[in-house]
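Quick setup: one chain, the form predicted on its own, written in structure tokens, and binding and motion questions come after.
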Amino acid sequence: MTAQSTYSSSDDFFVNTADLSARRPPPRSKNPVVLFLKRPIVLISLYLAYIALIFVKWDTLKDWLVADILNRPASEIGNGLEAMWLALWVALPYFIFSIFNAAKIQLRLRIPFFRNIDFLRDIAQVVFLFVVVAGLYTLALNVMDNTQIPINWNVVSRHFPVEVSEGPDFTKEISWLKDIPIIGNRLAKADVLQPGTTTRALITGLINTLRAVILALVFSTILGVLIGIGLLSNNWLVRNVSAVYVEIFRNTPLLLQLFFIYRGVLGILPTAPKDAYKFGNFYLSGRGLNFPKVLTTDSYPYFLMGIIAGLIVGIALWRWRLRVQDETGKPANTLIWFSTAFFGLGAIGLVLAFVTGGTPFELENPTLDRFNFVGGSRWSAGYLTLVVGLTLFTAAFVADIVRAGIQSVSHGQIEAARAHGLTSNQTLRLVVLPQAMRLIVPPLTNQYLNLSKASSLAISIGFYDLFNVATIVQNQTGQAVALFVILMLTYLVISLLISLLMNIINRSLQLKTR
């Protein structure tokens, strides 16, 4: 038995506790409550709830500062002091958390605070958070004091008089709100969610934005991967056509491409519905694309339960096969196991749907009326232009990222794959792309973020996205600050969600060793 190591004066002055786990590993709690509270998502949620509570009770906290601590009139409290008081409350939990962790380490490992590099790093982040919050709140107070038009956040409950031709109808009640347990009735009676309000119009604009962004993300990824592979093709025609595509769409402004598609492509199509180009039950005209609408029937829940069950079982099998591969080294074949479970249980759900009530889906085809199409679904010219423009523009950058990722794989890997008898397609699919994805995903995240923010150019083609609706409200009310704060926060949340998803994918692709 060997004695546990302790730290002498010969150790480095700054000690990183992560480097000491081999000498004295920290005890791990087995309490499920403690393990749950230590999850990052739980800590972040609690911290956000704490900040929300601060803003709700801010008047009380400010009165406490004025009356009990400073004992001065409220008029003598400057914006800077008020901002520092708010920043102190925002940074306080992080500061207490850092002190608590450093105290535990000092008791267990006898590392003083001033030598604990983790504690010093946390304190630096606390100071940075304090400065950022104080600066932003000081700026906000100065804007409110110097703005000629008072900032009125009640603008979100005002009536929106403009008709939005895209997305859900914001002039109708949201019937499903009342079905939400506990808070449903209160939400249904909220002023901001009443039909015809600015909030409802902004929600419609947000849904339109998400519709375009999600579809463009999927299409640009597929097209970009194909063109990126085409850039390295041995076929002269494929390689040069791909290179010309990338050079054209990467080196011309997106706004110009949107105008060209809207005016130069869709603009020359016939505007009369009777003259629309017909492709089966699809009708393309200058007004947009009309196509069949998929409707669900009474037997649809059986099919949906089969799909959900297949997804859950497939994910469980995927994780199990990866664990078996780590423990035994046998091939995981995750895609085969997942596909078998997903499509197998989905097929069972489809059979149950047919047995109980027939087909779970029906198609409603568009039909030509006197002046327009009725029934089916419709993508307007603005929506079609935005999706196509974002897809073509982003795919050019994705293609170059894919090309660089493939070329980063050592040529020796390709030669080894060919020496084992793999074909070119097998080499690409089984050897090259899995290694290249580790380098492709990080820059691909940036392009996805650029795509989501570039969707605001929809205002140039008259599409009612979030930015367009907010601009209309700002022009009518003059509340530019309130509307653009809402816009910035909304686009920030969208970007953070995309980053979160891509970071999860990136971590799953990282090289793991035993």
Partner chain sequence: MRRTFRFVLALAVLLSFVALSHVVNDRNEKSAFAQAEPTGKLAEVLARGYLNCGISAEVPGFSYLNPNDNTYSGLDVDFCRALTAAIFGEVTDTNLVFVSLSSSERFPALQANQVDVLMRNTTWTFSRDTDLKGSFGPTTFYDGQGLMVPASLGVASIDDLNGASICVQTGTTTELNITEAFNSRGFDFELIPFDDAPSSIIALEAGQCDVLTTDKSGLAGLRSGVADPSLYVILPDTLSKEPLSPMYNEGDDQWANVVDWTVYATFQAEEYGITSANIDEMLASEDSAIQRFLGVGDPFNSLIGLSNDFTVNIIRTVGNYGEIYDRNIVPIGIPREGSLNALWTSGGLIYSPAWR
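Heads up, when I say rigid core I mean the largest set of C-alphas that superpose within 1.5 Å between the two forms. Residue numbers count along the first chain shown, from 1. In this text, all values refer to a predicted model and were calculated from it rather than measured experimentally.
What follows is about the form predicted together with its partner chain, which we do not show.
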*Using a 4.5 Å heavy atom cut-off, which stretch among 333 to 341, 194 to 202, 307 to 315, 282 to 290 contacts its partner chain in the predicted complex?*
282 to 290
*Proximity of Q426 to its partner chain in the predicted complex, heavy atoms at 4.5 Å*: no
*asked:* Residue-level question: is F371 within 4.5 Å of its partner chain in the predicted complex, judged on heavy atoms?
replied: yes
_in the predicted complex, does N468 come within 4.5 Å of its partner chain, counting heavy atoms only?_
yes
*Partner proximity in the predicted complex: Y262 to its partner chain, non-hydrogen atom cutoff 4.5 Å*: yes
_Heavy atom within 4.5 Å of its partner chain in the predicted complex - the one residue of E415, D326, D179, E163 that qualifies_ = E163
_Interface residue in the predicted complex among R108, R438, R378, R115, criterion: non-hydrogen atom within 4.5 angstroms of its partner chain_ = R378
*Residue by residue through 460 to 478, tell me which have a non-hydrogen atom within 4.5 angstroms of its partner chain in the predicted complex.*
S460, I461, G462, Y464, N468, T471, I472, Q474, N475, Q476, T477, G478
*Once the core is aligned, please say if the CA of Q413 is shifted by at least 2 angstroms between the shown form and the other one.*
no
*If you line up the core, does S157 shift 2 angstroms or more at its C-alpha between the shown form and the other one?*
no
*After the core is matched up, is the C-alpha of Q435 off by 2 Å or more between the shown form and the other one?*
no
